[in-house]
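In structure tokens, the next block holds one chain alone, the form predicted on its own.
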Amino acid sequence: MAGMSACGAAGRSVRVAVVGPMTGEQAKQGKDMADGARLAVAEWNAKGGVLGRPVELLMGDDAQDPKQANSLANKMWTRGVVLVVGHYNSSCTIPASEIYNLRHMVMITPASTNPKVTDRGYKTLFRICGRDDQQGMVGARYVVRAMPNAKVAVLHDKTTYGQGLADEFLKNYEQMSSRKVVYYGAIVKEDQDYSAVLTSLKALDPDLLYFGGLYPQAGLLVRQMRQLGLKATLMAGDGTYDPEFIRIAGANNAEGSLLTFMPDQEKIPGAQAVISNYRKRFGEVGPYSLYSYEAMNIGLAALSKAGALDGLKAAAVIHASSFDTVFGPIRFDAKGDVLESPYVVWRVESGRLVQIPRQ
């Protein structure tokens, strides 16, 4: 009953939202998500909207702050939003999803990878990206196979995402290799100077430093590593996959860095028309632009098929359906995760991110 009264407040339009870090150091990721959602909504409106109504897209800035994310979730509820694409950070998605779940609002995150996001089994919560236990395993397997005798150190940024990913890599690496890492520690995300931690690491002379965190901090880490003469290869997860990482680090400093992310979107035949349209409207496609685009498409298709602006009915459609996307057919499991792990390894080569063939 609560869900229906909120939807009624939206009037004639179908209110949906995209939420994420629209300001601050992660604003590029927020813009990528917003532009992907904008493109999907524009296409739906060009075809007549949803259930005979125009789709109205609201934007929300969580400022990468869990408290702000909670406040934003409540705001979207009061404004009659029935579908949310977001958030970006797992530390924002997890608390905000408590509210979306309580209010029976469909939430599809294009980017939050911490396992806890979906492990709670909320019926209206989904993610179109993969999980950190998946990419932690992929990263560890690559290191074991490609660098079997490496001395490995692990560092994280103390966030839900960063520490969770680092721990998944650590667990999988030590199980697969039967070796212990030479260092496990953390940085303070808000700091700009990591010399104290890096000086300790230099004394251990690791061959590889696995970092759980995002591209602004990863870029600074690599730059400062090289300044200190620390030659270790950096490996990180999807939160570091962005050309901004290379720009911040410097192309020479970033050379050889390893990242886990989804397969090359530029080489997916079914994505080319969407990529072309996106570029005409917004410029270069970001790491999560198409994931946000398809998250919005899936949510709107589910509302249309459900025949009502009802989050529980739309969620039931998502659980029961297969969706044709630019990535190919997508189905979700009972938790709301995609059925297949999407992760591959990328390497920085000559200032560009290049996908390494699956091993």
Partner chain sequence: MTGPGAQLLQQVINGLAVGAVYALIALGYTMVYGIIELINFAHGEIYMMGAYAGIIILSALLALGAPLGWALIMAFLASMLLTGLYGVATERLAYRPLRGASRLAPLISALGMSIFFQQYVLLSQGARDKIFPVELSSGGFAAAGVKVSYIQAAILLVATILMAGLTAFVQRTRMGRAMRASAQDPCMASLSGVPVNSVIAMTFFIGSALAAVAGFMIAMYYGKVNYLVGYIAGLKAFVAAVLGGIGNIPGAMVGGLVLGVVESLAAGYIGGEYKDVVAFGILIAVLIARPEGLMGTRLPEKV
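Positions refer to the first chain, counted from 1. This structure is a prediction, so every number in the text was calculated from the model and none was measured.
One more form of this protein exists, namely the form predicted in complex with its partner chain; it is left out here, but the text below deals with it.
Taken together, the three residues A196, T199 and Q224 all come within 4.5 Å of its partner chain in the predicted bound form, as judged by their closest heavy atom. This chain is displayed without its partner chain, yet in the predicted bound form the stretch 212 to 220 from 173 to 181, 266 to 274, 124 to 132, 212 to 220 comes within 4.5 Å of it by heavy atoms. Contact with its partner chain in the predicted bound form, defined as a heavy atom within 4.5 Å, holds for exactly one of K313, K305, K28, R53, namely K28. The closest non-hydrogen atom of G283 lies beyond 4.5 Å of its partner chain in the predicted bound form. The closest non-hydrogen atom of N253 lies within 4.5 Å of its partner chain in the predicted bound form. Shown alone here, G24 lies within 4.5 Å of its partner chain in the predicted bound form, counting heavy atoms only.
By the criterion of a heavy atom within 4.5 Å, A150 is excluded from the residues contacting its partner chain in the predicted bound form. Of all the residues from 275 to 310, none has a non-hydrogen atom no more than 4.5 Å from its partner chain in the predicted bound form.
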